[in-house]
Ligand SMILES: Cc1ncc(COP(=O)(O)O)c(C=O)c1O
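Shown here is one chain on its own, the form predicted on its own, set out as structure tokens.
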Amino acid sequence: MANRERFLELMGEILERRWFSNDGPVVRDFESAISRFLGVKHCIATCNATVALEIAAKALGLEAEVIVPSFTFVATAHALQWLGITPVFCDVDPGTHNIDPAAVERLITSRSTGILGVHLWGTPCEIEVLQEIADRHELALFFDAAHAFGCTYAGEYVGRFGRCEIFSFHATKFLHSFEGGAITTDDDELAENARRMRNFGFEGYDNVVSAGINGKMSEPCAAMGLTNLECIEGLVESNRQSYRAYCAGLEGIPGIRVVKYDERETCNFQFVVLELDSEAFGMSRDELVDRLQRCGVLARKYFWPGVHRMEAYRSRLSEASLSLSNTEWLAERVVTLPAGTAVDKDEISGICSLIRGSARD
């Protein structure tokens, strides 16, 4: 938590008001603060990012098929599948780990209605190229920006691109609201539809005009989000220091490549991501992760094995791996290391020493 006193102050106000949900004043303050920070007209806060993706897809009128990367968290695809939309899995660029625009173009058919890009690790997709493809084929382009709050593309904050963008404020994110998400957009009509859909289809106090769900953010969650947003510069700086300490500590280890951020852009530095070449390192990725975890290091293999190899997709996509070679390659090599305010420099040094000591052990 960035500022316990500030959070408790907001919680005290919430308890005094006895207004805990249903578009309360702290939620509205949080939405306004997000909009100002990103320079976007509308922010629609939700209970989580998966529901935000579902609302966005519904508000965009998507159906049939939507093109999406397989190298992502499973919720990206599940949000579409849950609505009866078929996720069409696309390969990624092995350098950026983001959706490959050339592969997107090859997958477009008469059933395609949208493209859902993912700004993986906070690195924005090739937005302009994807927008040109979407415009040319009359497809809705939107983005899963769960990793990318506070990151820029061509000097402009992620949050205003495509038809809309979806953020996660889950407790694992550097800007969190315990649990939460948001849709951001400059599209007035889309924003109005999304607001209605997150509250059962209500327009006004007691007038239901369309189908909707309960996707609202609670006041306590908004209080935590607002508290962390007010301290965002310190959170980013902590992440930056962790990232640079890892880069220095892992320098020169055979078979280890730290995925680098473009520091010409503004980044949140949330993730420390490695690609491991097992032949050069002398140990497989899975063996290294197992060793680190046995030593109490919360290393993870992301996003293994690729969504196309998970249910409810693999049984109907037995041939998918043939067109997802980069995804399969990355899924066997990627490791994420613990970072953020909970990890100090001595712990990072110890983790780097463990990895260095594991090389050709």
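Residue indices: 1-based, along the sequence shown. Keep in mind it's a predicted model, so treat the numbers as computed, not measured.
Keep in mind that the form predicted in complex with the named molecule is missing from the display, and what follows is about it.
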| Does the named molecule get within 4.5 angstroms of any non-hydrogen atom of Gly159 in the predicted complex? | no
| field | Touches the named molecule in the predicted complex: Asn326 (any heavy atom, 4.5 Å) | value | no
| said: With a cut-off of 4.5 Å between heavy atoms, is Thr185 one of the residues that contacts the named molecule in the predicted complex? | reply: no
| request: Give a yes/no on whether Gly180 approaches the named molecule to within 4.5 Å in the predicted complex, heavy atoms considered. | output: yes
| in the predicted complex, the one of Leu130, Val118, Ile256, Met197 near the named molecule [non-hydrogen atom within 4.5 angstroms] | Val118
| request: Have a look at Thr76, Asn268, Ser238, Ser112 for me and say which one sits with a heavy atom within 4.5 Å of the named molecule in the predicted complex. | output: Thr76
| request: Give a yes or no on whether every one of Ser242, Thr336 and Arg356 sits within 4.5 angstroms of the named molecule in the predicted complex by heavy atom. | output: no
| the named molecule isn't shown here, but in the predicted complex, which of 168-176, 229-237, 94-102, 200-208 has heavy atoms within 4.5 Å of it? | 168-176
| Are there residues in 39-62 with a heavy atom within 4.5 Å of the named molecule in the predicted complex, and which are they, in order? | Asn48, Ala49, Thr50, Leu53
